[in-house]
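First, one chain by itself in structure tokens, the form predicted on its own.
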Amino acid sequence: MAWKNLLQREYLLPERVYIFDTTLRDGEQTPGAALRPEDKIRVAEALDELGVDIIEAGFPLVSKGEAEAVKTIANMGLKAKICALARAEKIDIDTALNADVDWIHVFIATSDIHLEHKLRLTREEALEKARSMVEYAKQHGVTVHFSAEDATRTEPSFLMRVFREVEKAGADSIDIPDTVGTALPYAMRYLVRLTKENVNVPVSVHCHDDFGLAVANSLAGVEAGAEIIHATINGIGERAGNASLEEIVSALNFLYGVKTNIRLENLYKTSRLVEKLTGITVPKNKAIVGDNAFSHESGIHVHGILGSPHTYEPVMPESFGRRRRIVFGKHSGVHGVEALLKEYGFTVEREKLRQILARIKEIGDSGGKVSEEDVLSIATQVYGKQTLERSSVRRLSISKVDGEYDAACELIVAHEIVAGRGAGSNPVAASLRAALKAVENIADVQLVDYKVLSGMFDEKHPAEAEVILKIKDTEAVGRGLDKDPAVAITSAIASAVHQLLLSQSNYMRVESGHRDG
């Protein structure tokens, strides 16, 4: 909110922005993504819990399954308004009406390039289609949201003429799509301002990320007075994707001081759900929801955040349902290592601390990755005694029977050896279930979330696994590194359960006779 006073000198910002989420429609058009009807329902429920105002549930005309999924979502009693996409064609609008939606998003292309090469219509023919189909949809009692596809490549005077005509025909709101992501923020501000001078209904923007400007263009639209923003979770969508919902609402809240209905604390879990169901991996350096968004390795940065997180974090990770993470490598400094050792009950001795840090940097310089378990293992060697009882994978065997994988494991957790078996469609899934079965013998744990990032399957680029487990109201994050992703996920579960049991009993076995005060 540091910029709100400055922005108000230049722009008339709306008090409230409505979020039109198109994850289930434009987002699903991401190459390689395909959601089953039951998946779409799960995502719709999550979006509603997140606080999205309008959910574009799909394009009912594309398939029978799509139409059924949209209709199911429309009849779930969600707080969000449910919208369906329709071309400016009666068959599309009728199919959307049959899906029982609250909103119909009617669109037609208006740029000369689309009119000539795709629709083969004149400007006058396109204008008449837009007007008549908005009027037709409005006669059936739904809210009509009109989009001029490829608006940012449409001649502005013609675009304004279309907008005026569809408003007269009954359109409840007007959308300006940057369909191929070619707008600049200045241009988007100009088009939104011009549109607001020509119509009296709310104005929306729909931005694509072909030049990496989708979020910037969406925010520029708000600066010019746009009241509705189209966005997708994780920024998924056609080609380079759509504007990222989590980035937009975070910027509006913390930088612009503009309200949305979004529950920021639900952003991360919604992101993870969409990532898992679509199979579209979130980049590690993705703002707000990426693995590295609140991770710190540099010694200078770690020293700063340990003193005050505000030194290198513009907003606290807990605001988004995240946790801060200190990672280890060649950029690490003494303060991060010291904090970890204290957390696990080591008495900090400066000379030993320097030896541990030197070993971490040596691994980092060779291109290797260093997990918390690795740091603790190095510390155990340097201290010369089994200072801390650690978790480990004692055995993991995987076989394939009749197309399904079967895993058997033995883990050492909190001084006990536990064993379990599990089956799955791949080695990681089978190992995950086997490890969870094993730890059931000593703890009533609940799996909250997990992620596996496969490396290049060598010592320098191992697979990384992260598991979040819960006992009652206590959560723990377990991490594992191994050239085999199945071993990595198993190790992560053992680590998480070990932490949970230690936190519950407040037990630390320190054979050296030292405790940190």
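Predicted model, so just to flag it, every value in this text is computed and none were measured. Note that residue numbering follows the sequence shown and begins at 1.
Keep in mind the form predicted together with a small molecule is missing from the figure; the text below concerns it.
- In the predicted bound form, G422 stays away from the small molecule, with no heavy atom inside 4.5 Å.
- Put simply, T179 is close to the small molecule in the predicted bound form: some heavy atom of it is within 4.5 Å.
- The small molecule is not drawn, but in the predicted bound form it has a heavy atom within 4.5 Å of S147.
- The small molecule in the predicted bound form is approached by D26, whose closest heavy atom lies within 4.5 angstroms of it.
- Looking at 188 to 196, 256 to 264, 127 to 135, 104 to 112, the stretch with residues near the small molecule in the predicted bound form, meaning non-hydrogen atoms within 4.5 angstroms, turns out to be 104 to 112.
- Only one of A88, L432, L85, L252 comes within 4.5 Å of the small molecule in the predicted bound form through a heavy atom, and that residue is L85.
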